[in-house]
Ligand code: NDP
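The chain that follows stands alone, in the form predicted on its own, written as C-alpha cells.
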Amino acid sequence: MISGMDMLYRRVGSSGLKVSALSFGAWVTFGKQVGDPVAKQLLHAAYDAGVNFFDNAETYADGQAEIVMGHILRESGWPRDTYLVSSKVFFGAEHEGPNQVGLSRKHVVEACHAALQRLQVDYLDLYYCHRPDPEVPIEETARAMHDLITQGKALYWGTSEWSAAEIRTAHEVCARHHLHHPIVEQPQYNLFHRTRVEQEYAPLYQAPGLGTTIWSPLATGLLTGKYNDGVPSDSRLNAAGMEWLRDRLTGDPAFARRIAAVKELAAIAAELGTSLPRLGVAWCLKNPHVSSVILGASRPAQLQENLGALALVDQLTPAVMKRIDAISRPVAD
C-alpha cells in the first residue's frame, strides 16, 4: 500500500499550486454506484495515500456526488489546507433551464454558490468550465471567474475539453483585461485517446504554462481488460443511466482492434510483474505535462490497485515505452 510519504506532487502548470500526481474523482460512482459508507472508505484511503485533490462537478449524479463528498469532507476533520476540491460548471445540476446551464455569468456564479453548499466548503480550490460555450463570450466567463477568485470563492480556474484555440483566446482576453487566467485543462487522456494532449496542447505547455488534470486514464475501463470478452452484467456500463457510455465505448469502430491491443499490453504488464490497470495509469504519469491523473473507483481494493501505479513509473524505460507505443498508437485517436 502506498503511503502519503510516497506520493509525488507536481505543480499545476506554471502556477504555484501543487497537486498529487494521483488524484480521486467522483464521476459516475458517488451518488450512483456507491453510497456514503463506501464513498467514505474510498476518500479516506485516497487521503491516507497522500492524495490531496478530489475532483467533482455540478452535473455528477445531478449534484448528489458533491453532496456525498461534502458530507465526508465535513466529517473527516482534515485540515482544509491539506486537500484540494474542485467543481465544474456547464451542464447544470438538477435542472436544465435556460440560465441553469452553460457559462453565462449568471450560471457560473450561481453554480459556484451551489457547489460550495453541496461540498460544505468556503471556497473551491479549482473551478472548471466543463465544456466551452459557443453562446457566451469568453470574456464574460473569464470575468465571472476572475470575480469569484477576487471574492475568495475560488482560488484558481480552468477548463475541461476546450480546444487549444479556445484556451489561447481565454488567456489573451485575461491578459488584455488584467483578469485571473485559467491555469489548468482537464482533458481525457489514455493510451487510446492522446492526440489532443500530446499534439494540440503542445504549444501551451511552455506558454502560457498549461497544467492538466487528466480523466479516464483507463479508457472507460477498457484498459483493465474486463471488457475483453464483452461487457460483464455487473459492470458500471450496464448500470441504469450508463447506456450512453456503453454504446459510445462498444460502438466505436476501433473497439475490436483496441481489445486486441489490450491483450498485447496485458502481456507487457505480466513481463513487468504488474497489472494492466497499473500499466495504463503509470503510462499517463510518464507524461511530464500531466499534473495529475484522476482515478475513479467503486471499491477500496480497486483504488489501492491503481494507486500502485506510482511505483511502476521508473520501470517504464524508453524501450518499454516504445513497445507500448507500437501497440497502442495504431488504434489511438
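Not measured: the values here are computed from a predicted model. We number the residues from 1 along the sequence you see.
Note that the form predicted together with the named molecule isn't included here; everything after this is about it.
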Looking at 265-273, 282-290, 295-303, 43-51, which one sits within 4.5 Å of the named molecule in the model of the complex if you count heavy atoms only? 295-303
Answer for residue 277 alone: is it within 4.5 Å of the named molecule in the model of the complex, judged on heavy atom distances? yes
So, residue 71 and the named molecule: in the model of the complex, are they within 4.5 Å at any heavy atom pair? no
Looking in the model of the complex, any heavy atom of residue 55 within 4.5 Å of the named molecule? yes
Spell out, yes or no, whether the shortest heavy atom distance between residue 218 and the named molecule in the model of the complex is within 4.5 Å. yes
Using a 4.5 Å heavy atom cut-off, which residue among 193, 146, 171, 226 comes into contact with the named molecule in the model of the complex? 226
Proximity to the named molecule in the model of the complex, single hit among 153, 180, 130, 258 (heavy atom within 4.5 Å): 130
